[in-house]
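Only one chain is given next, in C-alpha cells, and it is the form predicted alone.
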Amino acid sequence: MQYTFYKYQGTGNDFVMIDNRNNLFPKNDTKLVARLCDRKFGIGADGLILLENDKDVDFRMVYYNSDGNESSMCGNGGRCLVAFAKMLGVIDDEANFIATDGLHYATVNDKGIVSLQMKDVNSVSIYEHYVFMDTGSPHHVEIVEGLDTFDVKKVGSSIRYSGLYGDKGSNVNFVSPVGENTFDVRTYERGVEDETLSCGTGVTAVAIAMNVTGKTNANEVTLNTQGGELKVSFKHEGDRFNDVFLTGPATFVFKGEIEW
C-alpha cells in the first residue's frame, strides 16, 4: 500500500500527517504506525496524526505516539494539524475540531503561527517537590537545577515508570526559571519514551504549575523548549484554569510517498 504523507513540526516536535478523509488508513495497525515513525527505517517522527471528517466540526484529530499506540492529546500535534488543514483547504483561518480530550478551537495566521485552545484544567495536585495535572495528557512538573546538562531521559524514565503513576505513566517536565514570566523546559514523553524537543501539553502544564505555585503571577507565560519558543495564556478563576491557549509556529517540512 502506498501512502501520501506530509511532515510537519512545531518547535521541533515532529509529526507524520495523513489525510484520512477517505478512511483508507488501517487505524488498528500499530506496527505500521511505529514503522512510519521510525527514524531509521521509516519517515521519522514523534507521532503520526490522521485528519478525518466529522459531521459536527471541521475535522477530527486521531493521534498516535511513535510506539504505534493511539494516545492522549498532543498540543503541538494539534497546532500542526490546524496548519495542515489550512494547507488542504479544509479551513481558512479558524478551526473547530474534535480530539480525544474533546472539542478544540484554533486560529492560524499567514505566518504559520497557530493558537490552540486547550482543555480547561480543573484540578492541580501540588506536592512538596512537584506538581501534577492533566492538560489533555498527564504531566508531572518539577523545578531542577542545571537543566542544560540534566539527564532528562534517565530521570524522566524513572519517574514515568515509578509507582507514582502506575501502568499508565505520565509525561515528565523539568523546569528552570529564567525570568519573571519565562521558563526553560525539557520534557520526557511517554509513548516516545525519550526526551522530545518540545511538548505542547507539557509547556501548558508548566505554565499553570508555575502560576499556581507562585513562581509567576502572569497569565501569559513564555516557555523556551529545546526546539523553540511557545507561549501559554490562561484565565485563573478559583481552582480552575480556563481559556487556556497554546501559541507558536507550526511548520510544513516536506511531502512524500511511502510504500509498505
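Numbers for residues come from their place in the sequence shown, where the first is 1. Note that this is a predicted model, so its numbers are computed, not measured.
From this point on, the text means the form predicted in complex with a small molecule, which you will not see here.
Colleague: If contact means any heavy atom within 4.5 Å, which of 27-35, 62-70, 221-229, 206-214 contacts the small molecule in the model of the complex?
Modeller: Only one stretch passes the 4.5 Å heavy-atom test: 62-70.
Colleague: Applying a 4.5 Å heavy atom distance criterion, does Pro138 contact the small molecule in the model of the complex?
Modeller: Yes, Pro138 is a contact residue.
Colleague: Does any part of Asn76 reach within 4.5 Å of the small molecule in the model of the complex? Heavy atoms only, please.
Modeller: Because a heavy atom of Asn76 falls inside 4.5 Å of the small molecule in the model of the complex, the answer is yes.
Colleague: Since only the chain is shown here, I'm wondering whether Arg190 would be in contact with the small molecule in the model of the complex (any heavy atom pair within 4.5 Å).
Modeller: It does: once the small molecule is placed as it appears in the model of the complex, Arg190 has a heavy atom within 4.5 Å of it.
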